[in-house]
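Only one chain is included here, represented as structure tokens and corresponding to the form predicted on its own.
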Amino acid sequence: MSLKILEYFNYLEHKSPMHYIDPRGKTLFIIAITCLTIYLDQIIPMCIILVALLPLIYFGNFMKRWLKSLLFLIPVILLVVILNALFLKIDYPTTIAIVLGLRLIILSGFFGLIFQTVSPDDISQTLIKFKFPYSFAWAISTAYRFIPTLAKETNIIIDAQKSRGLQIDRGNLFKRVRNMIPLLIPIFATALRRSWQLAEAIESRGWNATKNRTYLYSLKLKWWDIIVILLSLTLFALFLYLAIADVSLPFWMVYKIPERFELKRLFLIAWEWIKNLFSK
């Protein structure tokens, strides 16, 4: 079991165009594009959004990390596509299954704009600017900050248990799950010890002693941030228009996988061929 996928949550400070955009604008943009991505159920609009996503990832300087995260997501995406294509009782289930797979890929990329281009301190300030309580904003930013740290400590515990003879990667699925039980106690103990140390540290520094807090760097909107916010509001307005008015998409954006290429039909053909092969 590898926890390297959690490195995708590890913020690394780079100097890229996406890092200079205010996190409030990026948050609104991701909310708007997420609504559109979840609402649309056609392959071509999903491909258009995916193509538009690639330059943002490139300019955010985390293309390699995103591709590595997709390597870990491929089994999940394939499972989602296959199960939905086989068991959905609707017209054109393979089309919907492919849309769901593309949706997972797109959302992983857009949420990477937050994970990779917004620091934990900026996340806290963004939530406070949106009128969330400081305690809530601090809890969210701290959890985001310590996800990669806990992942590294978990990998250290796994390596230590393996050196003591614990066979985690052998046996069937149920045996592997059972072998994970000895890892739970040291993992929970490490997490509790770190949370206790963190609590003592913030209490010794007078955490939440004053209502009006100051920051070394304060978020300020630039002209390009205004453009991003206006674009986000336009996309959200488009989503509301499509959802409320129930407008049909143009004909060139509607594509269905032909019935002869339906995954369920292809599986049945392959199954019949295998049965005939062994019956002889």
Partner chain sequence: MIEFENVFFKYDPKTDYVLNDITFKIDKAEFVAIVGKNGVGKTTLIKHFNGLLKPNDGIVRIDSLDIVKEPISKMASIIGFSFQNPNHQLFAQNVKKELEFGPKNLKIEESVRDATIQNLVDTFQINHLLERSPFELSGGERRLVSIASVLTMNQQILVLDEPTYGQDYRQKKHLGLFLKKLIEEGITVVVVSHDMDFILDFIPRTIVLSNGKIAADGETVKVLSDQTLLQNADLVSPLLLDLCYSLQQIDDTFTTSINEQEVFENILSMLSKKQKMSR
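Positions refer to the first chain, counted from 1. As the structure is a computational prediction, the values presented were derived from the model and not from experiment. Whichever C-alpha set is largest while still superposing within 1.5 Å between the two forms counts as the rigid core.
Keep in mind the form predicted in complex with its partner chain is missing from the figure; the text below concerns it.
Interface residue remark: S108 is not counted as part of the site for its partner chain in the predicted bound form, having no heavy atom within 4.5 Å.
Taking non-hydrogen atoms only, Q167 approaches its partner chain to within 4.5 angstroms in the predicted bound form. Within 4.5 Å of any heavy atom of its partner chain in the predicted bound form lies no heavy atom of L86.
Under a 4.5 angstroms non-hydrogen atom cutoff, its partner chain in the predicted bound form lacks V177 among its neighbouring residues. Just one listed stretch, out of 190-198, 87-95, 72-80, 108-116, contacts its partner chain in the predicted bound form at the 4.5 Å heavy atom level, and that stretch is 190-198. Along 138-170, a non-hydrogen atom within 4.5 Å of its partner chain in the predicted bound form is carried by E153, I156, I157, D159, A160, Q161, K162, S163, R164, G165, L166, Q167, in order along the sequence.
Core-superposed comparison between this form and the one not shown: the C-alpha position of F111 differs by less than 2 Å. After superposing the rigid core, the C-alpha of I98 moves by less than 2 Å between this form and the one not shown.
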